Each structure stands twice: as C-alpha cells, then as structure tokens.
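One chain comes next, on its own, written as structure tokens: the form predicted on its own.
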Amino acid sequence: MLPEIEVRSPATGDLVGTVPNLDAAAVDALVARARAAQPAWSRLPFGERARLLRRYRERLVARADEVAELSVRETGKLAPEALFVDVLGTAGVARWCARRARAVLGRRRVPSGFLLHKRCYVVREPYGVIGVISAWNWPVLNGMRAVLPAIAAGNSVVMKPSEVAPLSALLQREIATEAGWPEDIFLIATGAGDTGRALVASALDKISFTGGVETGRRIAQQAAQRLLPVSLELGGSDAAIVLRGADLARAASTIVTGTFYNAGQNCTSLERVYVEASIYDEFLARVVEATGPLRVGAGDAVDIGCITTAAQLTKIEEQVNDAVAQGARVLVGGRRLPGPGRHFAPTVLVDVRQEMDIIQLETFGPVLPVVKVRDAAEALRLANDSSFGLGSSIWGPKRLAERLVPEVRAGMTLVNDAVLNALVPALPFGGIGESGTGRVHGDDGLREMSWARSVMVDRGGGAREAALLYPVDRLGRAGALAAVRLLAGRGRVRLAGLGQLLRHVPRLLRRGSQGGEQ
C-alpha cells in the first residue's frame, strides 16, 4: 500500500478528499472478491438484474445534486454540465441496459440452413470479471457507461477511476450498494498509474479503458501478452464541415457550444472546422460574435469552467503558442487567464495549416481552429486527414449532408448538430483508428460485455449424417458433388444435382447393406 492520493479542486486548490493508492496485492484481492461474487450474480434472471439497475438509476437521480457537486469539486466543470452529462447521461445508460439486456443477450434462434433436423440458437454469456479504467473529464459517465452494461450482462466489475477524480467513483459504488447491488459485484481500485497496470495484469477476463491514446496503446500491448480482450475508447480530433446552404446562425452557435462545453475537455469536442469559402467570412463573424461574451471561471454565473489538470493546461497553451509561431492568428482568447484556478480563454484561430499540431493532435481544451476550403471535396479530404476517427459533424442542406456521411472516416457523424449523440444511450459510441476499438452505449455496448455461445440441438429422427460421411467412399465424390448442387445450386444446376443424387441412391443402399452384413 502506497501513500494516499490527495484530490484537490482545480478551481480553488482546496482539498476535496484522499483515497488509498492501492498496490498489486490489494488489486488482486479486489479481483478475487469480484470473481467469487460473479457466478451467483450471473445466475440471476434478467428481470432481477434489470430491477437493480432501475433501482440504481432512481437512487442516482435522488442524489443528483450531491453527485454533480462532487464532480464539480473534483474536475472544475460547471454544475449544469455535471447534471446533464454525469447524472442525466448515466441515468439514460442505466435505463437502456435495464430495458434491452434480455432482448440483446438472451437466447436468439437462428436458421439451421439445409440441416432442417437441427435447432440452432445463440446466447450471450458474461466474460466473468471486467476491469474498467475510466477518465477524469466525466468522472461518473465515463466509468458507469462501461460498468452498467457489464453488470447487466452478468459480469462483476473492478473499476480503477482516474486518480484526478476518484471520489465520484466511490460515490457511485455507495449508490449502487444503496440500490441493493450485491456487495462485491462492483468494486473500486483507487490509485495512480501503477494501480491501473496492476489491474490489467490481474486475473481479469476483459478490460475496458477510456482515456488517452498512448495509455490505451500500452494497455493493449500489456493485455496482448495473455490475449486479454480489450475495449478502448480513446481520444479524438473531431472535425466539423460547414457547407453552402447551412443555417449559419445555428451552425455557429452549436459549433461554439460543441467546442467549448466542459472547457473543451470532451473526446468528441469539435477541434477542427472546415468551411466553404463562399460562406467562410459570415460563419467566422458569427463564431467570433458567439465566443466573445463567454464568461470563464467558477460558480453559477459563468459559461466555461476550469481546465482540470495542470498538465492539460500546459498542453493547450503549448499547442496554441506553436500554431501562432507558425503563422496562425488569434481572433479571440489565446491565453491562460490570471487569478485563482486553472482557466484558458475560449479561443478562435484562423490561418491554421493542416500540418500544425493544433490540427493533427487532440487539444482537449477550449480552442476552435476555423479553416477555409474550396468545396466539400476539400473539406472531406482534410477532415479525413487524421489518425483519429471518433466523431464528426456535417452542416448543410440535409440531403446533401446525409449523402456525405459515408465519406467521413469517423465512428460517429452528426448532421446539422454536434456532440449531443453522447446523450442518446441507444446510439453506439466509439471510433476507429487511434480513437480506439469497441463501443459503449447501445446494443453494441451490451454485446461488448459478453461473448457469443453457439448451440445446435439435434431434433431426433433425422438423417444419420455419420452414415453418409463415413466410410468416405459410401457417398463418394460424385455423390458429394450431387449433394452440393442440390443444396446450394439454383435452377437447372439444382435439378441436375437432384437427379444425380437419386441415381446415387441405389449405390448408397447397396453399400449400406454390405456394411450391415459385415
């Protein structure tokens, strides 16, 4: 056991609380407890698990203000942000899992093809013990959107929250226990990086990680040593494309919100905007007009809260300064703000080139580069010029915008909207490329926490396959070819196969009779 970790408010520097920094032995002990509790949990009917998920949702909403306040104190976000995303978003996932688990994970009949005398079905089975490593930017939703489908699927969970915001995770376990969840099906392993590495190395059956690309890559490499299944929800550098015919007032207002919400500390924040030249000036003017009055600080009378970590604030500042040094111009903001707390002014950049870090890397802060392009084709080319592939946004006439959706290399695309898809629990959430693998939310999120078992049952009284297949020369090459033509062919080919097989029947009967005499 290592020294305790202090959790301090990024807005005031005040101590919020302390948590243990667990070592490998302590992590292994938690996993062992979760392992022992999982079989009984997995045997519960779907209806009982759903009841406990609904009960968790009820208790979460009953304690919404307390949950949001702790999220605010740990991360420096604003209370409405915490209420809408951490509380409302998590409540939505709980409801979805409770309603859909039976339909998605229960027994599903499948066709048996030409084997008409067989009955086939698929069931989804829990992995066992799932390890969840979550990020700090949404300390409730980021963890619980993996925990809830894992629990619904019959797994137990050991979650390692970010050391920046672990108290919110402990509160969620308290709420789950209050809702009647069994004691050891949801456990929290608090600690720093070594605790996370210990969790990945422990006797887990799967790991689900939300966080940065480099950490995700290390987890995947560590897990690969023993072929541990991994789901990775990593970063993004989401692009918005604004085309002629777009509602520029709504586009500018929504893109500003999609960039600066939670001080830009969202994996799906809009970090690049490509605007057709004919509407560029008007769109840019509207963005500057919407950005200028935004208030930064802490409390109820501001629009943008804190940058949660000192390292993140430094990264934002370095990327903006690097862009300016290479010729970008700041129209609004562009600097960290003086005074208490960690704050960066909402920033609009122009004259930004595609090769700059501010475009190619994830900024994770309140920075909006606006780039002029010739047409939709150039916008698509530049939007897809990224190692990431998480979210995207297309603005323009609806039919045109929807036609372009398949051209965007991203796991999620919004048409004439931004970021709100994260609050729709039915929509799978995740990306491609360096944005990760696997999905949370939706039916895919439930499948992610289970594996498929295929079952085939003989109905009895059907053909005896073994008598046809062995000895091999009983059916022979000609008989096998006739069967293939009958079962898989069409039209004349199928009729020919039937005729060949009928001509082959006397041979089969003769061989069978000889076999019986032996």
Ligand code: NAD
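Predicted model, so just to flag it, every value in this text is computed and none were measured. Start at 1 and count along the sequence shown; that's the residue number.
Omitted here: the form predicted together with the ligand. The next part is about that form.
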property: Region of this chain that lies against the ligand in the model of the complex, out of 85-93, 233-241, 249-257, 400-408 [heavy atom, 4.5 Å]; result: 233-241
property: Interface membership of residue 218, the ligand in the model of the complex, 4.5 Å heavy atom rule; result: yes
property: Contact label in the model of the complex: residue 317 to the ligand, heavy atom within 4.5 Å; result: no
property: Residue contact check: residue 205 to the ligand in the model of the complex, 4.5 Å heavy atom; result: no
property: Proximity of residue 74 to the ligand in the model of the complex, heavy atoms at 4.5 Å; result: no
property: Interface residue in the model of the complex among 156, 308, 168, 210, criterion: non-hydrogen atom within 4.5 angstroms of the ligand; result: 210
property: Option touching the ligand, based on a heavy atom within 4.5 Å in the model of the complex, out of 97, 267, 368, 144; result: 267
property: Whether 280, 395 and 416 all lie within 4.5 angstroms of the ligand in the model of the complex by heavy atom; result: no
property: Interface residues of 396-430 toward the ligand, as seen in the model of the complex [heavy atoms, 4.5 Å]; result: 429
